[in-house]
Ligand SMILES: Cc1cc2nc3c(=O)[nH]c(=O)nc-3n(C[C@H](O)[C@H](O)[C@H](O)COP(=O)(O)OP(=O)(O)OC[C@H]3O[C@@H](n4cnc5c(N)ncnc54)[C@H](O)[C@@H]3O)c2cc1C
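Read the single chain below, which is given as structure tokens and is the form predicted alone.
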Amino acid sequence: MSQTQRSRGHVDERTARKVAEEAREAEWRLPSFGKQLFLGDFRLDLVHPHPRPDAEARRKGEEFLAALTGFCASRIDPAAIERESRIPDDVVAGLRDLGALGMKIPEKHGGLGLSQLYYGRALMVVGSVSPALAALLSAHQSIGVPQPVKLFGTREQKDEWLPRCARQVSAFLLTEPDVGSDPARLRATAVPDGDDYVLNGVKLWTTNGVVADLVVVMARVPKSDGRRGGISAFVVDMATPGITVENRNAFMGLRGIENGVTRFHDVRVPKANLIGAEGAGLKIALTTLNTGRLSLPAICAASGKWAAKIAREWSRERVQWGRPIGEHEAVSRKVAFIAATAYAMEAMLDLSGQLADDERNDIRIEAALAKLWTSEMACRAADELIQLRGGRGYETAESLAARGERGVPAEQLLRDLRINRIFEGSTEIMHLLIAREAVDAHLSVAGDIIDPDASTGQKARAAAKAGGFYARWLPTLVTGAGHRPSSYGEFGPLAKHLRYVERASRKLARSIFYAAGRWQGGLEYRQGFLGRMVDIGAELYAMSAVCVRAQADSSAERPFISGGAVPGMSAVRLADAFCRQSRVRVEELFDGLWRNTDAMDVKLARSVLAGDFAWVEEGVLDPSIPGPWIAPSDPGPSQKDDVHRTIP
């Protein structure tokens, strides 16, 4: 290990994996549609009939949505937020007065007590006007102080902090300058001292951290005799001495977001502010994210709906070669993709949200799949919208308006969406996280077989256990409802797609079994295979969500959202189109499981890192390295001068 690695808190791979494994929720106390999907067991009964909110949840949700929609339409100027890189204080104050800061906080603690379904719907409304404002609300409620305190706080902690969170902004502080998705290297410390912990460290990319009143901070408590120690979660009042917000970061998108660098220097935090037990911080964070991740699909679904609207309007109005561009096949394919994907993102969001509300299922895989799939597909839809609009898609809304055209912020849409593939677990990390859960059944019965530290006796017992499990499980993967033409007949034209999902689920399970046998312990390093495996599962979940939603939408009664036109059989037609598109993607992914360049790419990348191809980089200048004629510049007012700004 180099001196640099030691100075940066380097830990070996085995230690890092152990920390991550200890943090995950190992038990499955409730059924999971997503888990069974990867096991080749298509449990449609877990999501069909489409779950619905009760009458009271619907009443509260619809009343708030009406008030929120009116506020957003009349009080928010999205162009001003983009232009000034700032959300006006009066906008946040107005949302606070509406109760938007307490959407998920119980009524007895001063909040609105909305369901997850209507919380997602509210984020869609706000996100359609300003994704930066939606990010502020979701960072506050989905991963900020309210959610972990609701889940893990004591009665006293809930009574103290939840009423404040209904009126004040909060944030979640985990990432550090040298620590991203590898929590084993966390360097912030919380050292016990009398009735307090003394907190020291630096946190990076603290969304809402610039303006927050309360924050959740993850820090490492040293181990000692009689003290478990480990990464722990603390609620910290930002008015405490020793806290400095050192920079307000600026990004390619979400230009109104309040995100910064926060330093803690000998900050005294009362022991009463510890959430849960010492060492439980990562488990608290991961459990919070099980439902917290559903805020991003809400923003993605809102973007998809808006993209569908603009694509329809532009493709019908713009005429080239004697007819509207939407009638040309090259453009028609884009319009069809955007519309079908928008419907699917909404279906996946609403189904996942209602499953979370019902509390009858373990939704950790469903929420992760929804975050992964919608963040990727929303970016594709936005990119296609820009291509569809041509030069006007690349031009800013301000520039369009300045020369007399409608100021359509298509390029901003793509910039704002791009972070969702990184927020709350990058696509690559989500692939690994979901893959770990997907192969959990295999590791549970055969883990000791591939564990290098397991004894001969442990391996023998694991082999016997695995033999019994696979003798019962493998025959179930041979045939099923997907091979019977009469299966899922109540879905009419969509039944064939559900039969496909059932067959594909078993094929996926067989592929996982084969891969586990072929690579054994090395499977965890086959990240290309694992990523494609997870993407197949995500598409199958999307198809399932779309089919059950379309059947509900085509019935006489809407499933849960009031108002608007009832889509009727047009929902079935759109769902059919989506499933056909999705099946093409699934077949390509199945083919890619075994036909790919993964091994070659890994070898080539190692050579690139070794400098073997540095000659490719010659002939250009590096703009990130200032020339001798460039003097260091002030970071500017939007990044520096307003870091202590507060929201009333």
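All residue numbers are counted from 1 along the displayed sequence. It should be emphasised that the depicted structure is a prediction, and the values quoted were computed from it without experimental measurement.
Just so it is clear, the following notes concern the form predicted together with the ligand, a form of the same protein that is not shown.
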**Q.** Residue among 458, 527, 189, 511 with a heavy atom within 4.5 Å of the ligand in the predicted bound form
**A.** 527
Q | Interface residue in the predicted bound form among 325, 419, 202, 132, criterion: non-hydrogen atom within 4.5 angstroms of the ligand | A | 419
Q: Tell me, yes or no, whether residue 207 is in contact with the ligand in the predicted bound form, where a contact means a heavy atom of each within 4.5 Å.
A: yes
Q. Quick one: is residue 174 in contact with the ligand in the predicted bound form, heavy atoms, 4.5 Å cut-off?
A. yes
Q. With the partner left out of view, is residue 251 within 4.5 angstroms of the ligand in the predicted bound form by any non-hydrogen atom?
A. yes
Q: Examine residue 440 and determine whether its closest non-hydrogen atom to the ligand in the predicted bound form is within 4.5 angstroms.
A: no
**Q.** Interface segment, criterion being heavy atoms within 4.5 Å of the ligand in the predicted bound form, picked from 420 to 428, 366 to 374, 348 to 356, 261 to 269
**A.** 420 to 428
Q. Is every one of 298, 492 and 571 in contact with the ligand in the predicted bound form, taking contact as a heavy atom within 4.5 Å?
A. no
